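For reference, the chain that follows is the form predicted alone, supplied as structure tokens.
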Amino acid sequence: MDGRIRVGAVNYLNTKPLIEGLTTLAPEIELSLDLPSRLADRLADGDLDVGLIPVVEYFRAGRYTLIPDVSIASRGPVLSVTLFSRVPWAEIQSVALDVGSRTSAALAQILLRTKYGTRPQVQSLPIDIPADDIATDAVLLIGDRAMRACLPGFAFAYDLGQEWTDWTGLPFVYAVWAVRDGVDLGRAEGAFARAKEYGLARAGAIAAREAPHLGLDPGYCRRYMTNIIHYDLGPRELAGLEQYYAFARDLGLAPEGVSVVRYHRPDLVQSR
């Protein structure tokens, strides 16, 4: 490494509080923005040192550590992960899954197969294809795309954050800061937690800046970041993370034998 720490994050509204002051707090961080699924690929390829990646990719890789105390999670409705459906859950025979997030795509399959006992045909929904053009019974949208969507042709709109918490009683964790093995964050290690506090203290300013680009009300954006999304990774979030992994592993969506491991400096890493 040349002293730079290459960090990738998602360019969604729910990410803004985590990156608002990140490069100011740690100037050695070089930040780039991308889709969550692409971030996971770049981290796996060594193109990033740290990525805010879908949690299912953390488990699929099985060789990362995570930054403590920071995540993107919900404790009920999340508003930005929605399964629009023409029929009730138990009657869904085909579903199109937004390619933007693999965690939410796996969550939709967990709910369909494990909770509701259905095995629908699954296809991908590319980013550039309008959801209204899809002929499947249901379509999963995530992020800002889901927040703007109405889809009047679909009778049902299921919030997957709400569905998860109603079912398990636990928060749902969508993304974590994952650190590639062997990376030494040095003085930047504490910047991720400090950036969370810095960004949340400026949620009103972030909302006023971002809302016009999203076509959303600034007050709605502020409430979304401060009341709907939770950025901590405490004991309840970790319990939700472990439960999600257990379901994903049982369905073959994640490999066996992966643990949640906090980041340590490489010279302090213990055997996994």
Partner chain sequence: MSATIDRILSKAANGERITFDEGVELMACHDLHKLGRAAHAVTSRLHPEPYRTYNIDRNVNYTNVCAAVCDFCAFYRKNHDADAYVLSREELYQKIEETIALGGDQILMQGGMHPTLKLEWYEDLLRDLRSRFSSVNLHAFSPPEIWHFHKINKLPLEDVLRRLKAAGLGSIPGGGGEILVDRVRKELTKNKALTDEWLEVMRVWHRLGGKSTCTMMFGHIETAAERIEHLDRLRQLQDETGGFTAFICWTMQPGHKMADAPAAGSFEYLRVQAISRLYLDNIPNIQSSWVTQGAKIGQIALFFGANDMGSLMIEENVVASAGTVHYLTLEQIKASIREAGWVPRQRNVFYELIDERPPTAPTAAADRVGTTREVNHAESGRSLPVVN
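Positions refer to the first chain, counted from 1. Computed from a predicted structure; not experimentally measured.
Just so it is clear, the following notes concern the form predicted together with its partner chain, a form of the same protein that is not shown.
Proximity of residue 64 to its partner chain in the model of the complex falls outside the 4.5 Å heavy atom cutoff. Looking at residue 75, you'd find a heavy atom of it within 4.5 angstroms of its partner chain in the model of the complex. Taking non-hydrogen atoms only, residue 151 approaches its partner chain to within 4.5 angstroms in the model of the complex. Among heavy atoms of residue 155, some come within 4.5 Å of its partner chain in the model of the complex. Here the chain stands by itself, but in the model of the complex one stretch of 46-54, 30-38, 204-212, 240-248, 204-212, has heavy atoms within 4.5 Å of its partner chain.
Comment: its partner chain is not present in this chain, but in the model of the complex one of 79, 188, 111, 193 has a heavy atom within 4.5 Å of it, namely 79.
223 is the sole member of 223, 236, 60, 42 with a non-hydrogen atom within 4.5 Å of its partner chain in the model of the complex.
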